[in-house]
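Next up: just one chain, as structure tokens, the form predicted alone.
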Amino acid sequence: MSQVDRHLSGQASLATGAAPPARLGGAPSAGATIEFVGVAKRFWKGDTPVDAIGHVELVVRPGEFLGIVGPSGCGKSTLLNLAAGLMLPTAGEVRYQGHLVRDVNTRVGYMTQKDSLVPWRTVESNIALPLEIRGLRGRRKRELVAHYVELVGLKGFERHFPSELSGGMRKRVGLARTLVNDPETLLMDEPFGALDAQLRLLMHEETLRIWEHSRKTIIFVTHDLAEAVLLADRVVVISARPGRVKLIKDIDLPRPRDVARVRFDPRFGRLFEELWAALGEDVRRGDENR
């Protein structure tokens, strides 16, 4: 692997579990995968403080699909960065399986808004990148890559370069690269926001299929309220900045879910309306303040 590959993939490798084990400390607590305990995060713009997150109390349960929605700038992505250990809270604690997150949490996989594929690497070599950083070579690496190529529906495209793929296929490569190290938890930050409506439906089907097979814990951040209702077990509404938990709603739609039909279920409409009642006020306020 070239030095350029290493440089470009450095941040991605931390999120896909290719780095050394995360430094987690403190006494464990039972019954939670991730806990945000009185978490606040402040940034500085010159001499001006910007409070991205206020006082967040949130427990993410083992194996659940948790959706997070909120107006722009409310700290949704910041919560994921804190869970990944890419930053530390200004106040409060973030715990992973009961232990304090003190450094990069390599027990999670992080799928960001951009696919960040290396343009001169093929589908299979992009997927293999975190394995190579981890030092895995030979037959085992090839077997893992082939498994995840098939899992995300890219068999036959192994030798294609990113420029030869559609947007949806590039997202599948990114998802496979996130999954190849078998992380315990997936953090997904608006991963399908740039796709058209048809491709998003396909990626929703793919994500639910993989989740139903693996039952990994997933935190899925989105601006699309309907997407959150469609995918999640629970949806968390975050208030306008500084972000706080405004509402947590159980999504009682039956599984497995048919992504093309579930929107016509009367319960879907009721859930959407209830969540929009909590979200809409902050969205309108933010639009008026622009």
Partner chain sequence: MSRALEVELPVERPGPAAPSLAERPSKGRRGLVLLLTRVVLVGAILVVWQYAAERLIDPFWISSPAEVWARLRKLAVVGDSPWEALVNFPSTDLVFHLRYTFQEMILGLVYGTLAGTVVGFVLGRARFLGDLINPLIIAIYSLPKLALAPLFILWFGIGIESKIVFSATIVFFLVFYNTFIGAREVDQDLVDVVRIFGANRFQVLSAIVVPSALTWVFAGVRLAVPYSLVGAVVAEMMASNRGLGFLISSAANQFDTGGVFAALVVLMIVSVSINGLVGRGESVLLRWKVVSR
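Positions refer to the first chain, counted from 1. All values reported here derive from a predicted model rather than from experimental measurement.
Absent from the display: the form predicted in complex with its partner chain. The rest refers to it.
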item: Site test, D250, D252 and R284 vs its partner chain in the predicted complex, non-hydrogen atom cutoff 4.5 Å; value: no
item: Residue stretch of 67-75, 216-224, 143-151, 88-96 approaching its partner chain in the predicted complex, non-hydrogen atom distance within 4.5 Å; value: 143-151
item: Heavy atom within 4.5 Å of its partner chain in the predicted complex - the one residue of L100, L208, M169, L195 that qualifies; value: M169
item: Its partner chain contact in the predicted complex: L117, any heavy atom under 4.5 Å; value: yes
item: Partner contact for N181 in the predicted complex: its partner chain, 4.5 angstroms, heavy atom; value: yes
item: Exercise: E212 in contact with its partner chain in the predicted complex, heavy atom 4.5 Å; value: no
item: Contact label in the predicted complex: V123 to its partner chain, heavy atom within 4.5 Å; value: no
item: Interface residues of 128-158 toward its partner chain, as seen in the predicted complex [heavy atoms, 4.5 Å]; value: L129, P130, E132, I133, H147, E150, L151, G153, G156, F157
item: Closer or farther in the predicted complex, the Cα atoms of V152 and A194, when the shift from this form is 3 Å or more; value: closer
item: Closer or farther: C-alpha pair R257/S166 in the predicted complex, relative to this form, given a change of 3 Å or more; value: farther
